[in-house]
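Below you'll find only one chain, the form predicted on its own, shown as structure tokens.
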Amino acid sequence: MDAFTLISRAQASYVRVIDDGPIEDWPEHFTDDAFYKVTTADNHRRGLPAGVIWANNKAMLRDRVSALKEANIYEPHAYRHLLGQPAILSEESETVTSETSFLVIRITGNGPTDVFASGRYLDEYSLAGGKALLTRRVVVCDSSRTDTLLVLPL
């Protein structure tokens, strides 16, 4: 399979486990030493390293999921991701970088359905064994304002 197809399938699986579960499968889309960050477009442009969410390995991502399930208290809600087609920026051996636009809708239990976030994924994938795993994902949100209900990953 070509890189575009592998990445498209990986992204579809990624958003499905966030939107429909099981959320415990979300870290499995990453390599063990993966990097994950959620930041704003302004902070990204300025090269600021801190993120709203920041993890530098799969164990940290698993901890985040555990906290979601066991420790955090938040209003029940769900997300629905809408993705653009991944743009392949570079391919070297088994490493591919891509950029994909996203829109996330938040659905609250008894409340409205709102646009929650928009932006782009800046990704690096490792392609091996017929799969694409994220080695790096920087989620760049268009807005400089981050909702305090950023509980589930983007």
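Residue numbers here begin at 1 and follow the sequence given. Computed from a prediction, not measured in an experiment: that's the story for all the values here.
Keep in mind that the form predicted in complex with a further copy of the same chain is missing from the display, and what follows is about it.
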Using a 4.5 Å heavy atom cut-off, which stretch among 23-31, 101-109, 52-60, 125-133 contacts a further copy of the same chain in the predicted complex?
-> 101-109
Heavy atom of residue 89 within 4.5 Å of a further copy of the same chain in the predicted complex | yes
Please run the contact check for residue 118 against a further copy of the same chain in the predicted complex: heavy atoms, 4.5 angstroms, yes or no?
-> yes
Is residue 46 close enough to a further copy of the same chain in the predicted complex to count, meaning some heavy atom within 4.5 Å?
-> no
Indicate whether residue 66 is a 4.5 Å heavy atom neighbour of a further copy of the same chain in the predicted complex.
-> no
